[in-house]
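One chain comes next, on its own, written as structure tokens: the form predicted on its own.
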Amino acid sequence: MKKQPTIVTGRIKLRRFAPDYCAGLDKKKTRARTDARGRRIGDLQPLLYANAHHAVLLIFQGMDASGKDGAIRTVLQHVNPAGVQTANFKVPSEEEKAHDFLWRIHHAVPRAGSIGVFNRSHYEAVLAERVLGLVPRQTWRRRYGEIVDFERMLVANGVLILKFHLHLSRREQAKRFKERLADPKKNWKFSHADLATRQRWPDYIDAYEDMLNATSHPAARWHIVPADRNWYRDHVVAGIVVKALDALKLKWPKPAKNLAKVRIGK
């Protein structure tokens, strides 16, 4: 039975979640509501920055062409770029390989008062590295616990972690790949490496399912977001971000001293 997007709270199989789910919503109206949510995020960001007690970390994972860039762009379009830190993790450099797999990740965690965005993340260490056989089984299995401990530590230190798995269908991925080949403005997005990854689709689904079940914990649950319809994907992500920011109940901080007696000279 197909289900609507949800927080991972138990053993799940991705086939039970419909990538094209849209709750029967109207595209045009939903996009307007998504924009309103984006504006709300933009209104809350200065409060986050002014208080500087929390950082917000948005983690996006998904198959190639699932829309990570698009979701990030839409959800944060009304946010001051000065308050956003982004990281897109590629193949580790020689220096990064000389450290533990979380070394480069910790360095990229946003500072208090900022919104951080991970377009792919430390989860590649239990996804791509697993599927491609870059590390042995005992290594990637051990990493599940290390990731959970790492995230719990961040949360204990004031980092609000929101994790999004953009759930794309294989059919929709093929459609988007074809669009990239047909449109000269999108040619640059196409990579032959994406085709090699596509050939390992079942292996990646297995890896994603194991990852979602092993690393969705009370301090940082995974959100499974239908990604076949861009407009609905963005609506879901924006709603989750707004709800989480509102829950912080941020207020403008009071000045350290009474400003009533302050006089500004000519």
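Keep in mind that this is a model prediction, so the values were computed, not measured. For every residue, the number given is its place in the sequence shown, counted from 1.
Form predicted in complex with a further copy of the same chain: not shown, discussed below.
Q: Looking at 30-38, 194-202, 55-63, 233-241, which stretch has residues with any non-hydrogen atom within 4.5 Å of a further copy of the same chain in the predicted complex?
A: Result for this chain: 194-202.
Q: Tell me, yes or no, whether A174 is in contact with a further copy of the same chain in the predicted complex, where a contact means a heavy atom of each within 4.5 Å.
A: Flag for A174 set to yes.
Q: Taking the shortest heavy atom distance, is A256 within 4.5 Å of a further copy of the same chain in the predicted complex?
A: Flag for A256 set to yes.
Q: My question is simply whether N80 lines the interface with a further copy of the same chain in the predicted complex - judged by any non-hydrogen atom within 4.5 Å.
A: Residue-level check for N80: yes, a contact with a further copy of the same chain.
Q: So in the predicted complex, does any heavy atom of P184 sit within 4.5 Å of a further copy of the same chain?
A: Taking the distances in the predicted complex, the answer for P184 is yes, it comes within 4.5 Å of a further copy of the same chain.
Q: Who in 127-151 is close to a further copy of the same chain in the predicted complex, meaning a heavy atom within 4.5 Å?
A: Contacts from 127-151: none.
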